[in-house]
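Encoded as structure tokens, the following chain is the form predicted alone, with no partner shown.
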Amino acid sequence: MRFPIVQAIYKKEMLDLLRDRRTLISMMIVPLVVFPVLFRVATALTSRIEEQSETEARTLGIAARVTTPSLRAALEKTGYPLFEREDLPASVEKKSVAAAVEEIPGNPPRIRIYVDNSNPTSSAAGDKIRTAIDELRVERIRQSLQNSGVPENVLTPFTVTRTNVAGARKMAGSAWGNILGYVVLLLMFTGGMYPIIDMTAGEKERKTLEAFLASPATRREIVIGKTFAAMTAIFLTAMLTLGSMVYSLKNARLGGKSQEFKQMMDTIPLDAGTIAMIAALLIPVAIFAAALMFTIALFARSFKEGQSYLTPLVFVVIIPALMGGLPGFELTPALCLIPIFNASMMIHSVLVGDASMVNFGVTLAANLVYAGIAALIATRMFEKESVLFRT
């Protein structure tokens, strides 16, 4: 293998990639523009829906059929206007009120809350009503104990404190790991799809593949040069996606999310060592993805046909990439042999900070083997005239 020829092919392919509009869109525009816009729109809509639900609930009010003055006073404290309605469930269903409360006489009396859980406005109103009634119940118990001369601490014979032993870094890594691995791996395949189709089926369509084959470069050198160019595009897409996701999640307005969740999103578990480990994991995956998609795209005779061949592969990647980011899996050396899943799971472990060096090494070695096998198959397919010039 002659390195100068491989380098020349690599430069030629990279120049073609930078000139191709579809490649730039999938490789750079989607990670850098689409993700921040989507997160901004999603968080803005979420906040808007929460505000709108609260405003609409205050406008509609609640229907109340209660006789106890203290219960009516508790409902008034919610800030919702009270109305009288004949059919409480129908009023909620028809959205003439946000929710309804009915006091059923008995010993003790029962209180029934009518809500429409398919309607965010009704659900939010029901939660607020339940909170007000629970506070009233606790207050009544406290007053009864005081009147009977019983100390209030009988209500709390002991206290329970839940202490999270995981530090902020580990919690942030868990939250980020559930998202980043899946999205980065998925975008690696979608971002590399158009460059690979262009350098295989695109070459056939433009009738430039013959010029390549007539050059002094061997088939193996051509494959290596093209594969490394595709790998560069895929790896760059992964890094751009990683940076874009971090920016988008950190700057997203999380609306009604808890303060703990906001703090986790603000703590970015990406120091220099973590980034280096993630990059080391993604390099063999990028080579594997490039060689695999290169092999499949070689069978296509046109750009459109190449898209139809590679699109199902992207959907196949979704399942292991998604499962690898889900909590509850314990990564073992055996699971480290599953491609895509191992990288997604290992990225999660690296971000959490409990990555085993044994699992890391097995994952890295397994993906390097898969990349080598895929590159060997790509070379063999490129050497077959029946594949290159199929009609």
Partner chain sequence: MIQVLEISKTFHDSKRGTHAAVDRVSFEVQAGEVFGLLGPNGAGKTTTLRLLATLLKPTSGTAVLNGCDVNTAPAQVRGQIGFLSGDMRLYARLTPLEILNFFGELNGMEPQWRAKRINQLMTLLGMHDFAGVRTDKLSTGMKQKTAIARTMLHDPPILILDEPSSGLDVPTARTIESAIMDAKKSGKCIIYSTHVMEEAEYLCDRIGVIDNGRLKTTGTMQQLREATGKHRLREIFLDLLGLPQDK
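Residue numbers count along the first chain shown, from 1. Bear in mind that the values here come from a model prediction, so they are computed numbers and not experimental data.
The following text describes the form predicted together with its partner chain, which does not appear among the structures shown.
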Considering its partner chain in the predicted complex, find the one stretch among 137 to 145, 240 to 248, 218 to 226, 120 to 128 with heavy atoms no farther than 4.5 Å from it. 218 to 226
Check each of 72, 95, 206, 304 and return the one that places a heavy atom within 4.5 angstroms of its partner chain in the predicted complex. 206
Consider the chain as shown here, without its partner, and state which of 165, 154, 211, 272 has a heavy atom within 4.5 Å of its partner chain in the predicted complex. 211
Is residue 15 close to its partner chain in the predicted complex, meaning a heavy atom pair under 4.5 Å apart or at it? yes
Are any of the heavy atoms in residue 8 no more than 4.5 Å from a heavy atom of its partner chain in the predicted complex? yes
